[in-house]
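Consider the single chain below, provided in structure tokens and representing the form predicted alone.
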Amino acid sequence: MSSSSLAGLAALALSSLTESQLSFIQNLPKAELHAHLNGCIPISILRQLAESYHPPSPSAPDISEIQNGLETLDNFNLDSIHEFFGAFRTIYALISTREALATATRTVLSQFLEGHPPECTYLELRTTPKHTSTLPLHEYLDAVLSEVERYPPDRAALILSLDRRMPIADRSVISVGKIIGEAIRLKNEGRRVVGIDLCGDPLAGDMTLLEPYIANAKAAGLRITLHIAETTQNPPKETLQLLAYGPHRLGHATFLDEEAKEKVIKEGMAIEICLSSNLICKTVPRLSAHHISYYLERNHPIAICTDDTLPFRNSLTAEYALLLAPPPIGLGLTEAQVERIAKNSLEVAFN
């Protein structure tokens, strides 16, 4: 991602580094383990895809809506982040053909894995599979995987996301059971699917229904990561239910209570930390109050991640800058501490 695409505290932290510190971060072997495909497509690529867009059905966004959506995506500020997520319908429409999806995926992979040096050594890209009249589910998965598999296994892999709003077992639509079934099939065929994620509206769905599906995925050799305790409204009982499924990593884990924290520490569940995402979405009031400090104090495994580079106007390099930059801009960690965090990220990867 170009420096002109960066904004917010992460950009400020990056600009505060010395040349030596920047070089240290850039050349540090590290993994990006929490990057959502649709939220990481550069606006320039979305505009390119819009040039050849034709509504595939009467219910699809028309050209005017697409243009309005692109303007929102391009011009929102970090204080109006919800405007961005309201325009996701534009992104879904623009990648609703195999060719467009492949272009978007290729660009996102390149954004992280190319460059001199690249943003990360290894990337686990995640996506919630879609099924449209122009892109059946199996083609969606094949299109994304074909781009991921252009890289060797030690550079890139795919995680399939379950949306909490999905039906559980309806095989006629995109459902939890269907996604996990596809993930198991693809893994058994030797495709580069390494894990299952749970994401979406943090207050939706009945999480007690997931147990047999998560168990099936784990039995097939898939690893599990769960967005968990993202809001103060998430009941502690639900959080403990999700932790009982034995996930290998946790996304955000912002509002774990003491009982949940004790279980996470005891079982060594790694935390995917998205600093800018938490600050901009206001689930954390300031960097000094971020829950990363709790895990650093306990030498617990964490991975620094971007979440969605387009709305959060960040990069993995800029997120690492937040670790190294002096307070109040950053956390003021030592290079040895930052190096250990980067090593953690590679150690908890699903490859």
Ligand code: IMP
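None of the values given here were measured: they were computed from a predicted structure. One-based numbering along the sequence shown.
Unshown form predicted together with the named molecule; subsequent notes refer to it.
Participant: Just one of 217-225, 83-91, 204-212, 231-239 has residues with a heavy atom within 4.5 Å of the named molecule in the model of the complex, so point it out.
Facilitator: Of the options, only 83-91 has residues within 4.5 Å of the partner.
Participant: Just to confirm, with a 4.5 Å cut-off on non-hydrogen atoms, which of 113, 194, 199, 184 contacts the named molecule in the model of the complex?
Facilitator: It is 199.
Participant: Scan 127, 107, 97, 121 and let me know which has any heavy atom within 4.5 Å of the named molecule in the model of the complex.
Facilitator: Contact residue from the list: 127.
Participant: Please tell me whether any heavy atom belonging to residue 61 falls inside 4.5 Å of a heavy atom of the named molecule, as the geometry stands in the model of the complex.
Facilitator: Residue 61: no contact with the named molecule in the model of the complex.
Participant: Just to confirm, residue 142 within 4.5 Å of the named molecule in the model of the complex by heavy atoms?
Facilitator: Outside the cut-off, so no.
Participant: Against the named molecule in the model of the complex, would residue 37 count as a contact residue? Criterion: heavy atoms within 4.5 Å.
Facilitator: Yes, contact at 4.5 Å.
Participant: Just checking whether residue 252 would be counted as a contact of the named molecule in the model of the complex - the rule being heavy atoms within 4.5 angstroms.
Facilitator: The answer is yes: residue 252 has a heavy atom within 4.5 Å of the named molecule.
Participant: Do any residues of 156-170 have a non-hydrogen atom within 4.5 angstroms of the named molecule in the model of the complex? If so, which ones, in sequence order?
Facilitator: The stretch 156-170, when checked against the named molecule in the model of the complex, contributes 163, 165 at the 4.5 Å heavy-atom cut-off.
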